[in-house]
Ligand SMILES: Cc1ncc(COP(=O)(O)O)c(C=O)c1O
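Consider the single chain below, provided in structure tokens and representing the form predicted on its own.
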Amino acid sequence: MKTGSRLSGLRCRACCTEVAAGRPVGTCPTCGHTLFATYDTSGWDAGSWWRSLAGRSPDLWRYRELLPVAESENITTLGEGFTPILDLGEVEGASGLRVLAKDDGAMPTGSFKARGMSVAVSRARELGLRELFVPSAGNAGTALSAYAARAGLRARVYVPERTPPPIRAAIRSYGAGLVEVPGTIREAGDVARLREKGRGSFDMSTLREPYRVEGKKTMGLEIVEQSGRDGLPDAILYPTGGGTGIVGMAKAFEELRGLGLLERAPRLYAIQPAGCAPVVRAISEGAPRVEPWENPTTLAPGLLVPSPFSSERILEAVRETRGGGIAVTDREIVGAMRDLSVRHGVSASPEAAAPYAALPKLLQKGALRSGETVLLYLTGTGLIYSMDELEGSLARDEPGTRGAGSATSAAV
């Protein structure tokens, strides 16, 4: 049965190369940058389509016409998507703001990574791939393991050896191969691509294949649908590691504007830890791309990404929405985790808590203004973390911003 997907091809934004979508492909064959899915919406009644969504199942596949899977039989789903948007009410340090939180900790595998992997694994299945691998700081590996198992595909996950034990156990529980690598996700990626070369497996790394970002795009589509065009937040605060989510949301807003379904996009703010803030530093310095962060350190494993791939697209997403970025300390992150749980009844991972920690800083700097509506994107559950252990792990002196320049004040 056809899904009605309007996928027409793949395009590189760096060099404008166009690639057919009918075969497996990773990065741009011309310049090596990220390829993005394009859709033929000529003659399409987008308004009727948008109105029809109300009668569809509450998952991300409700947007199937703007997703890349052509045959329904290839959709690999665990019921992901359409997570709640919560009104947090009064938030300490954010007086005058209306603060909302979209909670992707409610996803089947406990994080927003389920979105990208559901779509990417479905497309891999459709293209006849049988073996997949990914370097991961944790949640992406868990999601790939689960969706590969669901699809009947083989998966291997390469993780930094400091990855929390519960995440490693989750990956193994789905039957995936697990390889632990010294260092950060950067080293895990290097080892993964070296070992997998010539094995016939396919790299599912962040922005190194075209379809995970399509799954992350549904974050933006859901925010617009759930908020209504008149209730759209003024700003979205997003914890940024590899950056696929912020790129995906920007792509969603761009496509909706092109369809005449959206007039303005929320401002996008990249939130990073002070010990690993390469994107925030690049925003602050007006740099065209990210430079690798030296001696990266943070207790938020998903944000320990010293050199995100295709960083030009991350910076593009922030700048085109007139957003910005700011860094928060590990101590502020742990405090935000506790506040979210104790004051608001919301469990958040260290990554997910970072936007909450950033609120008062952005308000103080004037990036957020009284009377605005701000949405915090909570990317994962904190249920696998021990607050006592996290608080005990905090060093007496915070890791600071070595090599950051003005990274902690890049609120644009």
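In this text the structure is predicted, and so the values were computed from the model without any measurement. Note that residue numbering begins at 1 and tracks the sequence as displayed.
What comes next is about the form predicted together with the ligand, which does not appear here.
Using a 4.5 Å cut on heavy atoms, which of Gly325, Pro273, Gly215, Gly241 is close to the ligand in the predicted bound form? In short, Gly241.
Considering only heavy atoms, tell me if Ala148 and the ligand come within 4.5 Å of each other in the predicted bound form. No.
Flag Asn139 as yes or no: does it have a non-hydrogen atom within 4.5 angstroms of any non-hydrogen atom of the ligand in the predicted bound form? Heavy-atom contact with the ligand at 4.5 Å: present for Asn139.
In the predicted bound form, does Arg123 come within 4.5 Å of the ligand, counting heavy atoms only? No, Arg123 sits far enough from the ligand in the predicted bound form that none of its heavy atoms falls within 4.5 Å.
I'd like to know if Lys113 sits close to the ligand in the predicted bound form, meaning any non-hydrogen atom pair within 4.5 angstroms. Answer yes; at least one heavy atom of Lys113 falls within 4.5 Å of the ligand in the predicted bound form.
With the ligand left out here, work out from 156-164, 70-78, 231-239, 287-295 which stretch has heavy atoms within 4.5 Å of it in the predicted bound form. Contact-bearing stretch, as computed: 231-239.
For the stretch 288-304, return the residues whose heavy atoms include at least one within 4.5 Å of the ligand in the predicted bound form, in the order they occur. Counting only heavy atoms within 4.5 Å of the ligand in the predicted bound form, the contacting residues of 288-304 are Gly302, Leu303.
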